[in-house]
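To begin, one chain is listed below as structure tokens, in the form predicted alone.
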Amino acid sequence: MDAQAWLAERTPAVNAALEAWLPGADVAPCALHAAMRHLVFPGGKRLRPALALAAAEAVGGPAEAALPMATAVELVHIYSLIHDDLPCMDDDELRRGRPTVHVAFGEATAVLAGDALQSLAFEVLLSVAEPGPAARAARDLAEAIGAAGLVGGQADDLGPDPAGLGVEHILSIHARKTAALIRVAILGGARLAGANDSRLAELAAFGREVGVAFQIADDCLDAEDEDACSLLAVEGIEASRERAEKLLDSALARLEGAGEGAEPLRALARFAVRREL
């Protein structure tokens, strides 16, 4: 199927939900709200929200059932980008061709904007979805972005020279820093659509493998970035690309019996890892 066409159909609903939840830049405190919106709009590919919506379809539910998770996971993703760009982290001045939030609004406001987006993500998830599944999805999200997940992965990413790290340690960072958010987007979308425990376990494993492969593919695109904590410094670009393909194949094999409803999820996985976006 055409993943780009599917994305084009689903993305407007995500954008509308983000617009509905985010305060306007003219609402006090104006600088904070403008900073919160700075990377959300016009936004990137909305891959993580799309995966949440596709996961809902994969388990037989409507994509709309996963919209709270799709919105929440994008807010968390933007928060993570704002904090990653800070001078004390990656110290980047450009993001998506625009000044990063701390450059445009100051470091203190950028920190607060990231904090506010993270808080808003849980408000969205717990205010809109069914209470039981929403609470479990919120727990999953909290685990994915905490010390055992995204934050812990970022902490290790700030550590020693990647050339001195082993393959397993680098893969562990990828699994926590990047794959955790992709995994929880898929898991949460399926959960809000009523998936049973067996399907959730299958999709969680699928999301982890796709997420690690996604990060490896990203590293291959940024092969000239010597500071990146990537496999390229350890095993080279060809071996890294081969590893990403094997992970993708393993992930897709998990959905062999999932039927046509899972085709958008399969297509998005191929789309992301092979960088056809």
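Predicted model, so just to flag it, every value in this text is computed and none were measured. Residues carry their position along the shown sequence, with the first being 1.
One more form of this protein should be noted, the form predicted in complex with a small molecule, which is absent from this view; the next part is about it.
When contacts are judged by a 4.5 Å heavy atom cut-off, residue 81 counts as touching the small molecule in the model of the complex. At a distance threshold of 4.5 angstroms between non-hydrogen atoms, residue 95 is in contact with the small molecule in the model of the complex. In the model of the complex, no heavy atom of residue 270 sits within 4.5 Å of the small molecule.
Contact annotation for residue 44: at least one heavy atom lies within 4.5 Å of the small molecule in the model of the complex. Note that among 185 to 193, 130 to 138, 201 to 209, 82 to 90, the stretch whose heavy atoms approach the small molecule to within 4.5 Å in the model of the complex is 82 to 90. Taken together, the three residues 48, 150 and 178 all come within 4.5 Å of the small molecule in the model of the complex, as judged by their closest heavy atom.
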